[in-house]
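We've got the same protein chain twice here, in two forms, each standing alone as structure tokens: structure 1 and structure 2.
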Structure 1
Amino acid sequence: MNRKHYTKNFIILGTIAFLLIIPLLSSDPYHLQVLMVLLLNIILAISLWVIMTVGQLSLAHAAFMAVGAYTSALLVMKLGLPFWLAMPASGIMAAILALVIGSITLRLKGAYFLLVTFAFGEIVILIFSNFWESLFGGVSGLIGVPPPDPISIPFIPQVRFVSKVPLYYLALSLTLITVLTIYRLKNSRLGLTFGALKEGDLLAECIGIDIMKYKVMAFTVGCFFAGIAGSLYAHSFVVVTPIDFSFYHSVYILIYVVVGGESSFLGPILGASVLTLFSEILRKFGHYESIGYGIALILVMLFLPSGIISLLERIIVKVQELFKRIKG
């Protein structure tokens, strides 16, 4: 194991340890709330990134999250199912929908696919806000989504989701599971095939890869996690309204990935974290928030076209050079 690997593992474990002890450092519900939003955004960004590894841009990610949120909330509220069954069900629901939509639309590329997903996202929100109001609750959505049911885990007392702290740990565990799963996927044979599709459809097809199959697969996996994020959102924040999953939310998720750096696995995670905190800090300034955010987007794209992660990589290289010089 070389030194670089060592430092990397150290940083990752340090970050996870830090995230684990945060509730001990601050019990301010506001801080935990911001962190939960941040974790949700990480799940969304990294799952959208999976879709982007096959070279497709989706503007329907928030819509798949909405499908997950409504599925989970309705299963619990109308059918009385426990959260622990409703959550995977919501992921599966989003995945099935993605399978159907993806098989139809993934023939399209670039701007065309982007705009079709945009249209699909609008349809989903339109249906949730205007149709079957007795079920979906119309524009005001579903109010009073119950928190997850208490759960018994061996060796620790029963966990009851009455405060923000257990909800935070739930979000953290789900985020870690998602990130780890996608990391394993990326390094698997399947992940390599996805990457090959991004490099060139035609080339991949020539060496015998069924591009449609793999694109649908990536789309389905990405939307599965968006559905899970939706379920987590619904049960953590009590209220589900259609406007939360509008086209703009999808745009934000895309921005996290691109500003973070889409070429690297850590990019989306970094982008979601930095931008969530950034917009939280800007919130104090009222309307100037959007200006600051807008200008930041433009500046990052102009000066760091491969995302914030490239800045980080550059700094790491500089530091390593510095160390070498000191040694030499």
Structure 2
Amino acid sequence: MNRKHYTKNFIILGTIAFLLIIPLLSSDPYHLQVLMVLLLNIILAISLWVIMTVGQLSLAHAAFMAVGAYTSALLVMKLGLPFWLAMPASGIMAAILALVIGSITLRLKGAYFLLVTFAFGEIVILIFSNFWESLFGGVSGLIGVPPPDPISIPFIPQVRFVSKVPLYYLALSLTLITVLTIYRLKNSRLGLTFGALKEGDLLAECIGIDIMKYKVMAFTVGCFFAGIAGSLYAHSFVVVTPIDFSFYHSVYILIYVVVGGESSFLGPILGASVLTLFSEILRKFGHYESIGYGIALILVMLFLPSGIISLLERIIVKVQELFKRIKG
């Protein structure tokens, strides 16, 4: 392993350690809520990245998050299931829906698939807004979604999710599990096959790869984690409304990946982190937040076509050169 990899690993481990001790440094509910949103956005960005590794763009990622959020909330509120069963069920529901939709539409490419996912996302939001109001709550959504059930571990005090601190650690745990799972997937034979489809699906088909099978698999995996993110969102923020999962939310998730750098595994993570914090800075300017996102996207495309991750890699190289000179 070369020095560049050592430096990257040091930065990653240092970041995780910092995230673990944040509640010890500040338990301000606002700060923890911003970080929870950041962690949710990382899950959404890295799960969309999985879909993009097979060369497909989706504008329905927020819709699959909505499916997960409503599934989890309704299973707990209407059927009385514990959160720890409702959460995986929400991911499975989103994955099943993705399997059905993907099997029908993934033969389309480029703008055609993009338009289909846009239409699907709008249909999902319309259903939650205008149909079966007694179940979905209409435009007002579901109010009073209960927090996750307490966890009882032998020899450890019961963990109750009544404040932002345990919810933050839950979000951090799910984010780390998601990132680690997708990282292992990326470095597996399946991940290499996904990459081959992005480079040229016709060539992949010529050497015997079932391109539809692997595209549907990538789409299903990505949407599964979007459903999990929806479940976490619903039980962390109490209220679930259709407007939370609009087309614009899907666009923002796509921007996280593109601005961070879609060619790198760390790109979506970096993009989601930087732009979420950037969004909080711009929030006081109201509608100008969207303009700020647009400007950020334009600047990255002009000066960092490989994403923010390329800038981080340049900084790492410069730091290593500096240390070499100091040692020399």
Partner chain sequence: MDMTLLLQVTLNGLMLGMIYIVVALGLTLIFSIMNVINFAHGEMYMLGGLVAYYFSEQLQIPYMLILVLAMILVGVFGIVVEKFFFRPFRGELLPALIVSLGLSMTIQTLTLLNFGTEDQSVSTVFPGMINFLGALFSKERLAIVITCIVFILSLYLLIQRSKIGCAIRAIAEDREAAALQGVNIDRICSFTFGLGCALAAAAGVLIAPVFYVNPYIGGLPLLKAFIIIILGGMGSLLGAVVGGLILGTVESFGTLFLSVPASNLLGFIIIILVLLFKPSGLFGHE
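If you're wondering where the values come from, they're calculated on a predicted model, not measured in any experiment. Numbers given to residues start at 1 and step along the sequence of structure 1. C-alpha atoms forming the largest set that superposes within 1.5 Å between two forms make up the rigid core.
Answer for which single form is the form predicted together with its partner chain: Number 1 is right.
C-alpha of Tyr293 off by 2 Å or more between the two structures on rigid core: Yes, its C-alpha moves 2 Å or more.
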